[in-house]
Ligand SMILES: Nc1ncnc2c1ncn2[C@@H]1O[C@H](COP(=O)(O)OP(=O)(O)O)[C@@H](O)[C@H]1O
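Read the single chain below, which is given as structure tokens and is the form predicted on its own.
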Amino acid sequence: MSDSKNDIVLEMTDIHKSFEKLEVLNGINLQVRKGEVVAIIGPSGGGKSTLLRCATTLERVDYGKIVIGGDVLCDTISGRLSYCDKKTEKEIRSKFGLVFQNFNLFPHFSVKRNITEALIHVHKKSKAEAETICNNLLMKMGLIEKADEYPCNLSGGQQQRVSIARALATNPEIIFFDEPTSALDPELTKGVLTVIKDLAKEKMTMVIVTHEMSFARDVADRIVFMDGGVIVEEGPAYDLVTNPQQQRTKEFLAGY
């Protein structure tokens, strides 16, 4: 993988975030390069999901700098934090996809409309172009026959695959997954993880918060272990899972 600065899709520098008096992120530094799969692991309450929410504009940081696809989302200069203007933020949002643990599909839209709605109304694609993109993605997800169904008629695994298709529809530079299988039983989890593995083979840039350790070991290029709002340890995925260096990482992985 190239060391070129241009290859960095996500750069988070000295990120701090508190909720009232609770410091959830305490000086996080993270870079993700094009084509890289980064898994973020750690105990509940360690700051993993908050980190993702800050990267995807769902939460505002208190301090630090975030750059996505070369555009600066926020920066802190001389102790003062400032966010980009609304136009730039909209451009930044178009550069990433986000898959939630609870699917977040529109229940009153069909599968097809869940995928095409933003393509037509936000990205200004024609209806025909949006439907072509949608159909290709549903074929890829093994769900083409479900195009006219509503989310309530799908299994959890099928809904999550629709969510992934929706995230891919805008051809993003990076996709964030926030515990994409935590709401699924083991059988449905397998199907969703297979889809993500296939995306990894295609060199899709991904950041995945997960509790699936064997999946993280086998699919990610790098694992980041977070606890207490800091990155305790990070390294090549297989090495970190099989031979962690920090005592806290060893204790966490002993539970799996």
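What you are looking at is a predicted structure, and each value in this text was computed from that prediction instead of being measured. Don't overthink the numbering: it's just position in the shown sequence, from 1.
Not on display, but discussed next: the form predicted in complex with the ligand.
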**OP:** May I ask whether 143, 155 and 160 each come within 4.5 Å of the ligand in the predicted complex, counting any non-hydrogen atom?
**Re:** no
Original post:
Which one, 198, 59, 62, 218, lies within 4.5 Å of the ligand in the predicted complex by heavy atoms?
Top reply: 59
Original post:
Heavy atom within 4.5 Å of the ligand in the predicted complex: which of 70, 191, 43, 27?
Top reply: 43
Original post:
Heavy atoms within 4.5 Å of the ligand in the predicted complex: which stretch among 29 to 37, 62 to 70, 199 to 207, 47 to 55?
Top reply: 47 to 55
Original post:
Are there residues in 13 to 27 with a heavy atom within 4.5 Å of the ligand in the predicted complex, and which are they, in order?
Top reply: 19, 22, 24
